[in-house]
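In the block that follows, a single chain appears as structure tokens, in the form predicted on its own.
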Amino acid sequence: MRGPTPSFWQQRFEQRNVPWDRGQSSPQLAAWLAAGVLRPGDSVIVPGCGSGHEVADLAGAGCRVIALDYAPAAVELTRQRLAETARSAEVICADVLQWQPAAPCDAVYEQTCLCALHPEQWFAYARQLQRWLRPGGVLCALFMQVLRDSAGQGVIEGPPYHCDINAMRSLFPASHWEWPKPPYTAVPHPRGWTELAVVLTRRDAA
């Protein structure tokens, strides 16, 4: 397996060594909720839920949330956060490349999962996201922009892995996804990175 292993992530969450964690939800989540992109009653899957900030806030906004992570320590952190905030969501310890929902959902909130997976796994993950969503469902994506100098020599370095927008266009082709017109909102990250906020809509094509 290329890239980080489950034990890598388990150790990170056990030690609370999670420097990418803002300590709260991304401000983009509040923007999407305010704009009605994500609405009360929507079924929303959060892959790579990590510490669970977004899970708790989506549940607090009235969404029906399924949170996934394959590190048991992350799952436990998310469950603790839900308990502390008196909110409810289904939290599952599972591999996002294998798990399937019982029924297609309305939305996927993708923030930290794609950039945590080695790029060799991206196409398999993109196929999963398409399977999870109903036609017309939305993928609320925050594509991590962390282009390192080593990329000039062809080095693939991460996590987080750089989610180049041209690569994202190939990963989520227009034949299967409706893309909004750029420019896209750039969301600053406390670590000095940037995330591009893009809402993709799943087309009817299988």
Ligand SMILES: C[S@@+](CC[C@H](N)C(=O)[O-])C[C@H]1O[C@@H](n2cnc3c(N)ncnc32)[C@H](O)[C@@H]1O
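Counting begins at 1, following the sequence as shown. Keep in mind that what you see is a predicted model, and the values were worked out from it rather than measured.
Below, we turn to the form predicted together with this ligand, even though it does not appear here.
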{"item": "All of L129, W177 and D204 within 4.5 Å of this ligand in the predicted complex, heavy atom check", "value": "no"}
{"item": "Partner-facing stretch of 145-153, 66-74, 28-36, 168-176, counted where any non-hydrogen atom is within 4.5 angstroms of this ligand in the predicted complex", "value": "66-74"}
{"item": "One residue of V91, L133, L82, L117 in contact with this ligand, assessed in the predicted complex (non-hydrogen atom, 4.5 angstroms)", "value": "L117"}
{"item": "Interface membership of V96, this ligand in the predicted complex, 4.5 Å heavy atom rule", "value": "yes"}
{"item": "Partner proximity in the predicted complex: G48 to this ligand, non-hydrogen atom cutoff 4.5 Å", "value": "yes"}
